[in-house]
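We begin with a single chain expressed as structure tokens, specifically the form predicted alone.
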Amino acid sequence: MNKNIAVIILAAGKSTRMKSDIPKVLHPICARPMLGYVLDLVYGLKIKNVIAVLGHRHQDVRKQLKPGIKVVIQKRLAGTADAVKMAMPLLKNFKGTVLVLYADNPLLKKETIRKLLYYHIKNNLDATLLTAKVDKPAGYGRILRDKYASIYGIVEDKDADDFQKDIQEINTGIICFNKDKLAYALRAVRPNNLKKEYYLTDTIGILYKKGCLIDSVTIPDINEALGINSRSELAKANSIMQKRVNEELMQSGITIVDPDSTFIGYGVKIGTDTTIYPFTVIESDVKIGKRCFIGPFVHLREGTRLGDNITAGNFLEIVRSSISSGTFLKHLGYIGDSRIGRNVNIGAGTVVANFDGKKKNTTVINDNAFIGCDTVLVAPVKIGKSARTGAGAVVTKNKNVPDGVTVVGVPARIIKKRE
């Protein structure tokens, strides 16, 4: 079935209503551009014939696409029908179903789109819309049906009369087309507003008048088809996606004490029996081992790798650091660009000063070291195996601490070697 399906992803829009210079589809949801979720949907359906229509700052958006996705550039943003029309020459020899998706619909689930495609193909339809029923449809286009309950058009909210405004069945924007019927309808679309834009929704009325078969599949949760057009909608989508991420982690054997106050980026890997306490922020590109205790009030930034049986506790920030199993970082500190061995104790108030004003430098702390409270490690520096730093010590850059010694003071100096 997938060989006879092509997907057109509309990703040309600006962030006008979001008042942003960043392309709308690159705004992050759970620490990932929203476009990434739509691409995952397509990859998950194993559809290989994919076209992305790009526009505003297309060079930046193109970086998010994998090889194999065809690209066309909509130089003048003249509406959704114009965008789809620009993609059609790349489907010149294609026969089958064309699925139109929007890159600012990141919450769609694979099961929903699979159901839409199956219904469309099974019933040999010319157009199949993904619709929803809502109690308060303000802002959405309404589905128009004739006396036989057949769909004959879509009316935008601003153009609807009082009767049409009471219609609760709304358009999500996601549509499957027979490719040849879509091509016919696109040729007949005319601009109908002051902006001279061409709307894809007008193709439904055109196909109805031609006697084509049009039907719909109803989505049970309108939030799944939420389009992102404002900062408030971005925040709403982020909240919904965060619940999905947290739920998936909990189902895999992770304890999240308070999901509502725990923020975990998309793609974070966490081992079983790890506990995440409230007010913890874990960015993308973080991996955490098994049986760890993280939080509360912990910020794990990108590039962090934690082994098994690690305790990383209150008011702690870690970035671009690798920490081996059994290490204990319980209270208050900053660990940046560090390589920490096994069974290390990091005392409260420890700071790794990794930035010298020009570049980030690396700190290495070897197995079984004991870092006393309020220690400052000025990178680059190495702490040897089983070495100790006294409370308040400042180990200056390149003043490496040998294995098994204790250093104290400012700057730190050796006072004894441990047996």
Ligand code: UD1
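All residue numbers refer to positions in the sequence shown, first residue = 1. Bear in mind the structure is a predicted one, so any value in this text is a computation, not a measurement.
If you look for the form predicted in complex with this ligand, you will not find it shown, but the lines that follow are about it.
K.L.:
Ok, 336, 79, 333, 295: which has a heavy atom sitting within 4.5 Å of this ligand in the predicted complex?
P.N.:
Here the answer is residue option 79.
K.L.:
With this ligand left out of view, choose which of 322, 164, 242, 229 has a non-hydrogen atom within 4.5 angstroms of it in the predicted complex.
P.N.:
Looking at the other structure, the residue within range turns out to be 229.
K.L.:
Just checking whether residue 397 would be counted as a contact of this ligand in the predicted complex - the rule being heavy atoms within 4.5 angstroms.
P.N.:
Because no heavy atom of residue 397 falls inside 4.5 Å of this ligand in the predicted complex, the answer is no.
K.L.:
Report whether the minimum heavy atom distance between residue 156 and this ligand in the predicted complex is within 4.5 Å.
P.N.:
Contact check for residue 156: yes, within 4.5 Å of this ligand in the predicted complex.
K.L.:
Is residue 277 a contact residue for this ligand in the predicted complex, using a 4.5 Å heavy atom cut-off?
P.N.:
Result no; residue 277 lies far from this ligand in the predicted complex.
K.L.:
Wondering, does residue 126 line up within 4.5 Å of this ligand in the predicted complex on heavy atoms?
P.N.:
Output for residue 126 is no: heavy atoms all beyond 4.5 Å of this ligand.
K.L.:
Determine which one of 140-148, 254-262, 206-214, 110-118 lies within 4.5 Å of this ligand in the predicted complex, judging by heavy atom distances; exactly one does.
P.N.:
It is the stretch 140-148.
K.L.:
Out of 331-362, which residues reach within 4.5 Å of this ligand in the predicted complex, heavy atoms considered?
P.N.:
Result: empty, none.
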